[in-house]
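Presented below, as structure tokens, is a lone chain in the form predicted on its own.
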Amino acid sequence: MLLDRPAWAFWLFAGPFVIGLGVFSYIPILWSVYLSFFEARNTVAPTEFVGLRNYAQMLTSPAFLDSLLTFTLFALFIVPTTFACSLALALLVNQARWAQPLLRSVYFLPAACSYVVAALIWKLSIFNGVRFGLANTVLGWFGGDTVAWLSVTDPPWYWLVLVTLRLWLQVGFYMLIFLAGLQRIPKVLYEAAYVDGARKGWTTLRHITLPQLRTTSAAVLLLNLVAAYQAFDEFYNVLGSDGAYPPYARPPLVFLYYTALGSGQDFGRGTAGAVILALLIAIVTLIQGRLLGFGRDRT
């Protein structure tokens, strides 16, 4: 049966994207799942079926479990901080009576920056361990001593570098999501509240703004949590690429990178770890979405 003109037009525009998505995304994912049940060293072709052995080795590997703990610590820092900062920025920009488009652009610009470039700027310019780094220069103005930000593990100053880098890169993106949610709130709700005697500020924020942003807040938390699980560029480029990481500073993707592409090139264990991580992300996301009521009809 021949396709009609609208169908031909649809596949003409969507076909290349669907083909690219299948070739470069779905097929590699399915092949990774298949490869995780085989012994595959120094090759992406399976050699010997081992069943669940790769999964058992990953789940009993102290290094892999420590990397999951690293994610937990990173998420505890970055998720609530990003949420609060992006919401605060959105509230401020939404109240701006002039230059609102300029403010949106300025705060969103870091989201368009490469993570690799930003990591190198943070490492070589801002938090450089010598006295010429920007952070140490500012400390020197107040009489502080030079700090080796990336080498000191007690206290772990490298966490300040990683968290501030991720905040700078992603706060503007989530600010735009919150800003879109704020601009969808009917103004009549605020007008009715003012008529009833409500005051601007915390009262309207608590009883009108935050409840109206419930779905947007759930979406931001879900996206932020998934992004924390996928942390790689800042850890890899800030803390070095020689495999030696300070305590609690090697997230799951960095560990899997060295497992699959390191000296052993164990693609079987690497893909098994990737499948475990993907399942963990899916489970946590579903639980969080359930708790936050994401997608629930509130009419």
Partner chain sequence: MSTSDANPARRAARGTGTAAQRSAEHRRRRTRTLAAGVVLYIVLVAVAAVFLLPYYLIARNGLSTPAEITSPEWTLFPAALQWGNIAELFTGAGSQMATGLRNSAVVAVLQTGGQLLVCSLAGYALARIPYRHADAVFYAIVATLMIPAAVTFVPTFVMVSSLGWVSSLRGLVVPMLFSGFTAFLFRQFFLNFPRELEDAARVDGLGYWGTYWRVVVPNSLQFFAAIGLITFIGSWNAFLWPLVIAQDSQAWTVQIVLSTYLTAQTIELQELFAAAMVSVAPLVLVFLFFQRYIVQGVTETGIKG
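If you superpose the two forms and keep the largest set of C-alpha atoms that fall within 1.5 Å, you have the rigid core. What you see is a predicted model, and the numbers here were worked out from it, not measured in a lab. Residue numbers count along the first chain shown, from 1.
Absent from the display: the form predicted together with its partner chain. The rest refers to it.
Please identify, from 94-102, 155-163, 204-212, 76-84, the stretch that has a heavy atom within 4.5 Å of its partner chain in the predicted bound form.
Checking each option against the 4.5 Å cut-off leaves 94-102.
Exactly one residue in Leu139, Leu120, Ala198, Leu189 has a non-hydrogen atom within 4.5 Å of its partner chain in the predicted bound form; which is it?
Only one listed residue qualifies here, and that residue is Leu120.
Site check Leu68, Leu69 and Gly144: each within 4.5 Å of its partner chain in the predicted bound form by heavy atom
None of them does, since no heavy atom lies within 4.5 Å of the partner.
Going by a heavy atom distance of 4.5 Å, is Ser61 a contact of its partner chain in the predicted bound form?
Contact check for Ser61: no, nothing within 4.5 Å of its partner chain in the predicted bound form.
Considering only heavy atoms, tell me if Ala260 and its partner chain come within 4.5 Å of each other in the predicted bound form.
Looking in the predicted bound form, residue contacts with its partner chain include Ala260, since a heavy atom lies within 4.5 Å.
Give a yes or no for Leu176: in the predicted bound form, does one of its heavy atoms lie within 4.5 Å of a heavy atom belonging to its partner chain?
Residue-level check for Leu176: yes, a contact with its partner chain.
Does its partner chain get within 4.5 angstroms of any non-hydrogen atom of Ala56 in the predicted bound form?
The answer is no: Ala56 has no heavy atom within 4.5 Å of its partner chain.
Could you pull out the residues of 125-152 that have any heavy atom within 4.5 Å of its partner chain in the predicted bound form?
The stretch touches the partner through Ser125, Ile126, Arg131, Phe132, Gly133, Leu134, Thr137.
Rigid core fit then Trp31 CA moved by 2 Å or more between this form and the one not shown
Yes, Trp31 moves 2 Å or more.
Determine, after fitting the two forms on their core, whether Thr43 shows a C-alpha shift of 2 Å or more between this form and the one not shown.
Yes: Thr43 shifts by at least 2 Å between this form and the one not shown.
Post core alignment: Leu280 C-alpha displaced by 2 Å or more between this form and the one not shown:
No; that C-alpha moves by less than 2 Å between this form and the one not shown.
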